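Take a look at this one chain, the form predicted alone, written out in structure tokens.
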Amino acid sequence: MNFKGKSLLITGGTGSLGKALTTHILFKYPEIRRLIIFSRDEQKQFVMAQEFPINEFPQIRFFIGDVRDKSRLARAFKGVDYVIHAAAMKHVHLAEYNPEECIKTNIGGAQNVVDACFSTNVERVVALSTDKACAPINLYGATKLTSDKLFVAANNIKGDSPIRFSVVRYGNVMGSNGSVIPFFINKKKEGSLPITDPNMTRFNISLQGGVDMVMYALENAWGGEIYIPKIPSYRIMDVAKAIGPDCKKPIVGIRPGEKVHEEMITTSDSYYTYDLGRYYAILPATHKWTTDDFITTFKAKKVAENFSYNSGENDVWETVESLRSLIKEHVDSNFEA
């Protein structure tokens, strides 16, 4: 993708994926004109600015703001070509106890991003979703499903604007803030790893895998697609064995809103889902381009009717040994089981 002379803004840019995207873009596309980190936490911005000093990275800018504030977004988006929307309230149990706050950020914030894009000259938008948005049983998932629908539907009201909105949906990012692996590594010091349900499974993707998928959507989306990666699953008990084989593993029960297995494509989605090789794409029910042209361009293959994709019935699994290698590679280079 050609970033020469272009400006890109990341909402929630101080989060785990935002920082990984920043590193990737600055080193792979040094010709980018501006990379704007938009977030509401001044302390995180202060720390991140030390990691990316402006004398070494003159392209970077930091912009304090909240996606709940539409006028602030519109100001931040002036002169911006591409937007990656990563800002969200993401902790399932906190959303259950603070529903109004979750709705304001994840749904109101998404609509504000769409509106701000239309009021400026943004060309492409990629919004981050989650496996929990598929057949949601918790408020977080429901708000992210609504967010997905807002971004997909925005393509239908763009008129003559060349803007394209797309969505990327994936599972747990290995080592991201608040995820289970760093939590278990920390709890290992106490000799006990609390297990919510011994049958629990989750999809697993590395930060770089998430970055690659966002960049793929940014470059290739025609407008309205929801992209899903083909990634392995892990069993929560295997994660616990990989990190603390000698630790106690008490069963503490599922937290409010948690699923035993995560799903990313439902059987109802299968009628609109295509296999692109590295990724799946759920195409919008209505769009301004031709499905046959999409199939030809991407060599896409329609999945079977009633196809579904969930972490409990995956074909590819991490093992205790592979998890240890991945933790050492992606989370903690000093890790020892």
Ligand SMILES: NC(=O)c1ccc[n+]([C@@H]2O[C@H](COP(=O)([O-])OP(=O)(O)OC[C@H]3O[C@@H](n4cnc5c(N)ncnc54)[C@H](OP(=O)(O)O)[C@@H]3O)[C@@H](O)[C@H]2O)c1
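Owing to the predicted nature of the structure, the values given are computational and were not obtained by experimental measurement. Residue indices: 1-based, along the sequence shown.
Here the subject shifts to the form predicted together with the ligand, a form of this protein not shown in this document.
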| property | result |
| --- | --- |
| Complete contact of Thr201, Leu323 and Leu326 with the ligand in the predicted complex (any heavy atom, 4.5 Å) | no |
| Residue (of Phe77, Tyr140, Tyr227, Phe165) lying close to the ligand in the predicted complex, criterion heavy atoms within 4.5 Å | Tyr140 |
| Heavy atom within 4.5 Å of the ligand in the predicted complex - the one residue of Asn220, Thr120, Asn172, Asn112 that qualifies | Asn172 |
| Interface membership of Asn177, the ligand in the predicted complex, 4.5 Å heavy atom rule | yes |
| Residue contact check: Ser311 to the ligand in the predicted complex, 4.5 Å heavy atom | no |
| Ser39: touches the ligand in the predicted complex, heavy atom cutoff 4.5 angstroms | yes |
| The ligand contact in the predicted complex: Ile282, any heavy atom under 4.5 Å | no |
| Residue stretch of 254-262, 88-96, 150-158, 235-243 approaching the ligand in the predicted complex, non-hydrogen atom distance within 4.5 Å | 88-96 |
| Within 4.5 Å of the ligand in the predicted complex: residues from 120-134 (heavy atom criterion) | Leu128, Ser129, Thr130 |
